[in-house]
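Shown below, as structure tokens, is a lone chain in the form predicted alone; questions about how it binds or moves come after it.
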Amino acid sequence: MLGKLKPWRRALAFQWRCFCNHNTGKVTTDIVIIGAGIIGLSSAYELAKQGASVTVLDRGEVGMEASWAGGGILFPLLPWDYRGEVTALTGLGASLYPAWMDALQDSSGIDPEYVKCGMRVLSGARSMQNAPIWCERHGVRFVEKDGEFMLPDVAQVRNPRLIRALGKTLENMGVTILCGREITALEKRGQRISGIKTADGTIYSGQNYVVCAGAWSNNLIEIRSFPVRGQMLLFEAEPGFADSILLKDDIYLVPRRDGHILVGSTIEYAGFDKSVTAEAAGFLHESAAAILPELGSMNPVRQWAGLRPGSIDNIPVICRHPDMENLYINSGHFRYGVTMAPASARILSSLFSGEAPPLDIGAYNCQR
């Protein structure tokens, strides 16, 4: 594996990048990643830092599925309602964000709008009796006042800008990102993947392969992942209309720097249907107005839906495939792919390098 190469070999591998043999219809690289969402792109970032030449393939456009559609809250909703395997990964991911954002902005010139705005959990949120104990146990600052529970260190990122910054950084690093590549087959030779065939007949081959296809991963390999639709509304307000994330009854409001307010989100098991519904719009609008009454008289400027990569207990799969020795998986992050992305990428890169992972990874194994 590339991570075990000697330093001069790594440098040489980094200079290879990927090349296209037009006579054979093959594109060869060190690592082929399937999926150009936040998980695939962050994985490419960490692996390219190791010196690998990386090609990223996506059936659609860069980051335009769940990575684009979500709210960008870098905190579970709510952590005391989740298993420790989820909060360990979200906690590590959130802690990596400040340095990660500085690096991406320096490289790309694009501000991902990372803001530590805090989150107010309003009365009516579930399981609040467990909140103070959980926060004290995990060293998370909180303030209880007038029936509200304030978490001042919760941050957000504007995920479409994050995707742009990450994509530009990868371009600067020499990573190849190819869109509109519909995968038709994973070609196998014994216990190894020998290539990935796309609808145009091109075969992409590499030493190793990583599946980061989000809700579509289970179409390629069996990992018990499934699509979960989430619908969102967007309101246009003046900057400063709201100064922190607001959460009540599982509905959240995310204020952006320019005044836009995101309202989300539904959890719907509708297969791969990304259509929006009037029922969801009405529910989200009414719920938003119950939190900020001024929104009741405002019309949303946009409604959209995304497909989260659902997983059992919200726990993703980050591991080497148990049967295919050069196939890896980083998928199934459900609601927290953006939060978990830098941590998940670190875990994946440790599988390649042989270095100790940043936390216990047994819960993310393919065979759990």
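It should be emphasised that the depicted structure is a prediction, and the values quoted were computed from it without experimental measurement. Note that residue numbering begins at 1 and tracks the sequence as displayed.
Absent from the display: the form predicted in complex with a small molecule. The rest refers to it.
Using a 4.5 angstroms threshold between heavy atoms, residue 31 stays clear of the small molecule in the predicted bound form. Though the partner is left out of this view, residue 182 does reach within 4.5 Å of the small molecule in the predicted bound form, counting heavy atoms only. Contact annotation: residue 220 falls within 4.5 Å of the small molecule in the predicted bound form, judged by heavy atom distances. Though the partner is left out of this view, residue 337 does reach within 4.5 Å of the small molecule in the predicted bound form, counting heavy atoms only. Only one of 208 to 216, 132 to 140, 235 to 243, 164 to 172 places residue heavy atoms within 4.5 angstroms of the small molecule in the predicted bound form, namely 208 to 216. Between the small molecule and the residues 327, 57, 317, 47, the one pair within 4.5 Å by heavy atoms in the predicted bound form involves 57. Checking 149, 226, 252, 80 for any heavy atom within 4.5 Å of the small molecule in the predicted bound form turns up a single hit: 252.
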